[in-house]
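Before any questions on binding or motion, here is one chain by itself as structure tokens, the form predicted on its own.
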């Protein structure tokens, strides 16, 4: 059963067509990957699903549990259980890790916060009272953000480039956390151009020029992406289009 559907989504930003009639179904409890070259529209799709202000002026429909949420703001979508982890997590000078993780969570005891820190491979005693600032690496901040999502227990999670700025050891902990979310029945959408990330999905969509051009198993989509997309001479043009 689809927990999320996009129906004929068109998005223009500053006169450039970013998403082009995009229709897809994301099944409940699956780990989905949306893979494509830089500038294909992947992050724009994530922002559109989340309802971020820059991506609100769309044509088409977004359905969540069969309900039309196209006109809902990001905070209203979050209330329904949709959340997103950013490619570049935010820094909050002076805010402690336990406050950051507990923010927006009604049941945020130190014991529960310590438990989700362990889930993402961070020693609670070392991190729980640290500040979320530039003393933390990008990988540490990304795992702390993921810990806050685990505590939140949402219905659907969008992870934008989860491997960005992450070393191999930390990435394995992130994959463990993704598997844990799946085990909890949470639907995960991985936004990526990485074959490594793709291989941790159950199902994949191939996105190019704002359109879904194929879908299927990670093996099938990965083969097409590796053989057809990666050598594509239009990469630079795609990248300029989305970054404009």
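Note that the structure is predicted; figures quoted are calculated from it, not measured. Residue numbers count along the first chain shown, from 1.
We do not show the form predicted in complex with a small molecule, though everything after this point is about it.
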**Message:** Looking at heavy atoms inside 4.5 Å, which stretch does the small molecule contact in the predicted complex, given the options 212-220, 174-182, 48-56, 196-204?
**Reply:** 48-56
**Message:** Please determine whether residue 161 contacts the small molecule in the predicted complex, using a 4.5 Å cut-off between heavy atoms.
**Reply:** yes
**Asked** If you check in the predicted complex, is residue 70 within 4.5 Å of the small molecule, heavy atoms only?
**Response** no
**Message:** Residue-level contact is defined here as any heavy atom of the residue lying within 4.5 Å of the small molecule in the predicted complex; does residue 24 satisfy this criterion?
**Reply:** no
**Prompt:** Do residue 189 and the small molecule come within 4.5 Å of each other in the predicted complex, heavy atoms counted?
**Reply:** no
